[in-house]
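In the C-alpha cells that follow, the same protein chain appears in two forms, which are kept apart as structure 1 and structure 2.
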Structure 1
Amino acid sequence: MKLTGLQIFKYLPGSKKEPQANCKKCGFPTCMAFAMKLAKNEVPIEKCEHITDELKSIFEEASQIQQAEIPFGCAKNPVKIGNETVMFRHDKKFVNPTCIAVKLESSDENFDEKLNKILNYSVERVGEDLKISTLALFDTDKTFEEKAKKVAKSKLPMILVSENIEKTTKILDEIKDFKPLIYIENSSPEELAEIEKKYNVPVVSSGSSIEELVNNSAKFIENKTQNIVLNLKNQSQKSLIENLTYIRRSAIENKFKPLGFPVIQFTKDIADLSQDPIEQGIWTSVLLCKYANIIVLEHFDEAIIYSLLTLRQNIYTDPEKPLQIEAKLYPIGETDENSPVIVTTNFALTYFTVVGEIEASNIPSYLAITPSDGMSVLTAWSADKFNGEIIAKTIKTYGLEELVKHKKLIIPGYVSSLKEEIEDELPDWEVIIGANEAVDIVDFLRSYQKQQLLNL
C-alpha cells in the first residue's frame, strides 16, 4: 500500500526538528506540506534535498505497482484490466471490472448473426448500460483474417486466439491500431515478446502450473516486456481457484513481479466442466469473485450474461459510496391530477426496481424520492433518514398539493409505523400502506386504482 503523508513526514527533517526543517527549498512552506504532496504523487521525491536513503527505499517499495493495468481495444472504446490493489472489496473498491468475453469461432456458420447479437446486447440496470466487454475470436478456418477485420470495424475490443504466428502477425499488420489482446497457443515467451514490441499490443503468457507461469513471466520481464496477461491452462476445478487466489495474493500482498499481471481464464480450460449453460454460468460467477480479470465464455446465453453482469456491477461498486439518484419528483407515465403518489428513498436499486414495477402496472404515478443518503427503505428508516418530517417536507417541496386532488400518499409497507407520524405532519393527507416487496407493486396499484374508481 502507498505511504500516507504522515508516514512520509516521520522521515523528514520537520518531524525530527533538525536544523534543515521546513527549509522551503522543495517549493513548499513546510515538510508536512511536501509530505502530503508526495503521498499524492504530485511532486517527485527528488525535490527534497534531505531525503534519506531509508525513505527512498521505503517509498520506492510502497510505490511499486501491485498488479499492472493492461489496456486493449481501439482508442475510442478501450478496455482496462488489472491495477487491483486489495484482496477484498471491503478493504477498498476494486478498480477495473472483470472483462466478460464471449467466444466466437471464425468458422461458425452463423458468425454474422452471433456477432450482431453480441454487439447489440445491452440491458439497463440501476442507471447503467450493461454490455458485453469483448469478443474472443478463435482461428478455426481460412476466414480468420476476414472475420478479425470485421470485428475490428465494430470497434468491439477483441482477443485474437490462434496457433499460427504468421497468420496473426499478418492480421496485426492491418489492424494493429485496434490493439487486440493476442493469445498464440504453444508459442514461446521470446516469440510473444517480439510481437508485443513490434505491434505494441498486449500478449497472453500461459502456463499449466504456477511454476511454469512464473518462469514464462520472468522471461518477458527479462525481455523488458511487461504488457502481458497471464493464463492458467488445463486446471482442475479445485486447483484453479487455489491458483488464482495465489496469483492475486502474490501480486497484492507480496508484490511478486512475475505474478503482478492480470489474468485471463477460458472456461474451456476447466477440467470436467460441462457445456451446460447454468454450470458454465456458476463457474463464471466464481471466477468473477476469485480472481479472473478476463473470463471467456464458450457460449452466448442472454440470461446467463445478464446474471453475470448484475453480479459484476454489484462487486465493482464503491462500498463507501452507495448508489443513489437525485432526490426529486419523478412522473412515471402520463400523470394527471388523479395519479397515485408513491414515496420511497433515493437508493438507486430501490428506485429502478420500483419504476420498473410501476411501468409494468400501466398506471401513471408520481414517484416522490426523499434525500436518504442512498440508503434502502429499512436502512434509512432505522437511521432516521426516512421519517415523517422528511417525507412531509418532500411532499411540500415538490408541490404535490397542487399536482393531485386526492391527497393520498402511498408509503412502503415495511414502514407502516410511519403512518400516524406523516399524517401529523401532513394533516390534509391520508397515508396508504403500500406493498412490502416491489414484486407486489403491480397488483397493489391495480387494486388501489380499482378502489379509487369505485369511490368516485
Structure 2
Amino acid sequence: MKLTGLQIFKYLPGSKKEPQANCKKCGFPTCMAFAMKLAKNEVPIEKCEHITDELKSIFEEASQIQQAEIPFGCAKNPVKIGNETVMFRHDKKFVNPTCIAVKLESSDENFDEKLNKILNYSVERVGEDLKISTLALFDTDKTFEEKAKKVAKSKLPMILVSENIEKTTKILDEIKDFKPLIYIENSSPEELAEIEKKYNVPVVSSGSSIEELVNNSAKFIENKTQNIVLNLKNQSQKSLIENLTYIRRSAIENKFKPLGFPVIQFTKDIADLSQDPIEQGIWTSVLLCKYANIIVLEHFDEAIIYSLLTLRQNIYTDPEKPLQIEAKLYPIGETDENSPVIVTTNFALTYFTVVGEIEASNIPSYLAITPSDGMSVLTAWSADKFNGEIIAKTIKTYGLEELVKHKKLIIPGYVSSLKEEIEDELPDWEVIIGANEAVDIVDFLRSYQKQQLLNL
C-alpha cells in the first residue's frame, strides 16, 4: 500500500527537528510540503538531499505496484482493470470495478440484435448509469473479422477470443486506435508477447494452474511485456475461490511480480456449471467479490446483469463515505398547493429509491430532504439525525407552510413513533404515517391522494 504524506514526513529532518529541517533545498517551503508531494508521486525522492536510506527503501517498497493496471478498448475512453491495493474493501476503497463481460459468438444468428442489446443496456441506480462493460467476441466462423470491426466501430470495449493468430492480427491491422484485449488459445507467451509489442494491445496469459501462470509470466517479463491479464482454465468449483484468492494475495501482500496482474475468468471454465442463468449469476457474484477483474458470462439475461451490476455498485463504493445528496426541497413533477409533502433523509440510496416511487405514482409531490449526514431512515433515527426537531426545521426553512395549503406531512412508516414529536414541534401540521417499504409507496400515495380529493 502507498505511504501517506504523514508517514513519509516522519522520516524527514523536519519531524525530528534536525538542523537541516525545512532547508527548502527541495524547492518546497517545508519538509511537510515535500512529503505531501512525494506521497502523490509529484516529485522525485532525490530532490531532498537529506533523505535517509531507510526512507528510500521503505518508499521504494511501498510504491512498488502490486497489481498492474491494464486499460483496453477505445484509446480515448478505455475500460481499466486491476491496480488493486488491498484484499478487503474495509481497508481501502477498491479501485477499478470488475468488468462484467458478455460472450457473443461471431456465428450467432442474431448477432446484430444481441450486440445492440448489449450496447444499449443501461440502467440507473442510485444516480449512476450502469452498463455492460465489455463484449467477449468468440471466433466461431469466418465472419469473425467483420464482426470484430463492427464491435470496434461501436466503441464497446472488446475481448477477441480466437485460436488463430493470423486472423487476429489481421483485425488488429485494421482497427488501429481500438485496443481489444487479445486471447489466443494455445499460443505461447513468446508469440503473445510479439503481438503485444507490435500492436500495443494487452494479451491474456492462460494456464490450468497457478504454477503454470507463474512460469508464463516469467517468460512475458523476459520478453519485456507486462501488458498481460491472467486466466485460469479448467477450474473445479472446489478450488477456484481459493486459487483466485491466492493469486490476489500473492500480488497484494507478497508483491509477487509474476502474479501482479489482473485476472479474467470465463464462467465456461468452471467445471460442472450449467448454462442456467441463475447458476451463472451466483458464480459471477462470487467471482466479483473474490478477486476476478473481468468475468465473462455465457449469456445476456437482463435480470442477472441487473443483480450483478447492483452487487458491483455495493462492493465498489467507498466504505468511508456514504453517498449523500443535497438536503433541500425537491419538487417531483408539476407540484401545486395540493401536492403531498413527503419527508425522508439525504442518504443517496434512500432518496433515489423514494423518488423513483413518487415518479411511478404520477402524483406530483414535494420531497423534503433532511440534513441527516447521509444516513438511511432508521440509521439516522437511531443517531438522532432524523427527529421531530430536524423535520420541523426542514419543513419551515423550505417554506412549505406557504407552498401548500393542506399542512399534512407524510413520514416513512419505519419511524411512525416520530408522529407526536413532530406534531409537538409543528402544531398546525398533521403527520401521516406512510408505508414501510418504498415498493409500497405507489399504492399508498394513490389511495392517500384519492382520500384527499374526496375531502376537498
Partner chain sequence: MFIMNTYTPPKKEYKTAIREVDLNGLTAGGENSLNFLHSETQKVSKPLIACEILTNIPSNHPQLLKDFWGENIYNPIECVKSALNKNFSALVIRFNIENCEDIDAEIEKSKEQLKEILKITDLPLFLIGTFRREVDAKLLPELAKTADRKCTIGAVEEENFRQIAPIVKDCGHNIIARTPIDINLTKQFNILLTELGFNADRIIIDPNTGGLGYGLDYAYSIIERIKQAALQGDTMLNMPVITFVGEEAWKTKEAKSNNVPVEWGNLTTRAISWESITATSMLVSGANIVVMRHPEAIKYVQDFIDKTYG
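Source: prediction; values computed, not measured. Here, a residue number simply tells you its place in the sequence of structure 1, counted from 1. Throughout, rigid core stands for the largest set of C-alpha atoms superposing within 1.5 Å between the two forms.
Each of the two structures shows the same chain on its own, and it is structure 1 that derives from the form predicted alone. When the rigid core is held fixed, the Cα atom of His406 travels less than 2 angstroms between structures 1 and 2. In this overlay on the rigid core, Ala75 has a C-alpha that sits 2 Å or more away from its partner position between structures 1 and 2.
The two forms, fitted on the rigid core, differ between structures 1 and 2 by less than 2 Å at the CA of Asn186. Comparing between structures 1 and 2 on a rigid core frame, one finds that Ser416 has its C-alpha moved by 2.6 Å.
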